[in-house]
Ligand code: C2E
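One chain is shown next in structure tokens, namely the form predicted alone.
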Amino acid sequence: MERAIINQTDAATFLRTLEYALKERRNGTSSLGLLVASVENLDELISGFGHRRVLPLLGALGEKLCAMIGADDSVIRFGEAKFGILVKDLKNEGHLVLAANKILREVRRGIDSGGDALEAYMRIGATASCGSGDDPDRMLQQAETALLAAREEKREFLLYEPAQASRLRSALGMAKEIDVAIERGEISMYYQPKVAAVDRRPVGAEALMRWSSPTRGFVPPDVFIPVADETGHIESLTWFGINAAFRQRTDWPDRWGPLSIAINVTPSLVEHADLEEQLNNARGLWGVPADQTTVEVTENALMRPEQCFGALSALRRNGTRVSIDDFGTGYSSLSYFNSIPADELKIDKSFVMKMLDDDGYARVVRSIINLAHGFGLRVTAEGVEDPRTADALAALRCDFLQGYYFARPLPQDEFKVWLKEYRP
């Protein structure tokens, strides 16, 4: 009776094991299930404990997985923190769901090894053999696709579906087009003004990207930016955006005095070694003062305060302002509020747009403003779409306002006209 294989191996060896298991299945009547489980917080574990302590703990995780599976099932560790789990006597796909839930539940309780406790966070993708034509490479590809889909959807577990592969191929095709789109001028900068709540005078603008593809048509930023982030194209896209926005800022009319410009940076780039250098180079080239530059990061970037706070603090020491975007929708915690390296919070529009009709949302907005001011932070409210909301926010002492009531995101030429013609 075969028991689990725990040793770390490569994908080729794993595929051979999977091929052997498929041959066994063809001689019987049961199906074969495959789970690919990945330790998603490996970098954080290594940063916190070091390689010498983490690697034995990964071995202990393999041992724990072995204890959870059936006598004829197998666990194979391939790659540094990825495990393949073969479920040989599979009754149906529900069997895989139960197996995945059991693994996730047990791993959340922590892994002990020599006195150290590993708090692993795992995601699992799964698939099942369905016919005599199954081959190991296709089966592993399906499980890996389900794992990637689980990451994209922020789920702990997903079963493979053909639509996942189609979406993945589409995303990969889009990723290849992004750098070409930059070179061809298909990606352009739009600007949404930010005004002072008290007198409604413009104080700056947020730079936003828009992609008009000759083959795909208009591609929303919430589609192509995540694709760029997941496929390694986000660096070139962000560096382009920084330089394009700073260059275009030099052509804004000076009717309202110097206006700040805000650049969105994804959580994956907050700690990038080149971010500060790219900002400094662009500012030097286009003459943008550091104190008129804001880096906006979503609240989700604060999930890793040990790494993120240091990077944001370095930006602020260099004069760059830091704004926490979409505040209230992510991982808010009073425990880090006193030390958060930021100058501003931006209240997510989902709260602002409902505050006049729902007392609960109004209380949330009021609480965020008071809390932020208590810690010396300024507040911008997004999603302001009518004068009543603008007046209510001003009465709550919100500092800045942004939304369609003042202007939608505008291309450079239209934004320049707006600056000339706008009347508070």
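So that there is no doubt, residue numbering starts at 1 and follows the sequence shown. Note that the structure is a prediction, hence the values are computed from the model and not measured.
Just so you know, the form predicted together with the named molecule exists too; it's not on screen, but the next bit is about it.
Look at 95-103, 155-163, 281-289, 346-354: in the predicted complex, residues with non-hydrogen atoms within 4.5 angstroms of the named molecule sit in 346-354. Although the partner is absent from the chain shown here, none of E19, G125 and E144 has a heavy atom within 4.5 Å of the named molecule in the predicted complex. Although the partner is absent from this view, V195 stays clear of the named molecule in the predicted complex, with no non-hydrogen atom inside 4.5 angstroms. None of the heavy atoms of G79 is located within 4.5 Å of the named molecule in the predicted complex. Taking the partner from elsewhere, E382 is found to have a heavy atom lying within 4.5 Å of the named molecule in the predicted complex. In the predicted complex, no heavy atom of E177 sits within 4.5 Å of the named molecule. When you look in the predicted complex, the only residue of G310, G110, G319, P221 with a non-hydrogen atom within 4.5 Å of the named molecule is P221. Checking V270, A120, L208, L148 for any heavy atom within 4.5 Å of the named molecule in the predicted complex turns up a single hit: L208.
Residues of 74-109 include none with a non-hydrogen atom no more than 4.5 angstroms from the named molecule in the predicted complex.
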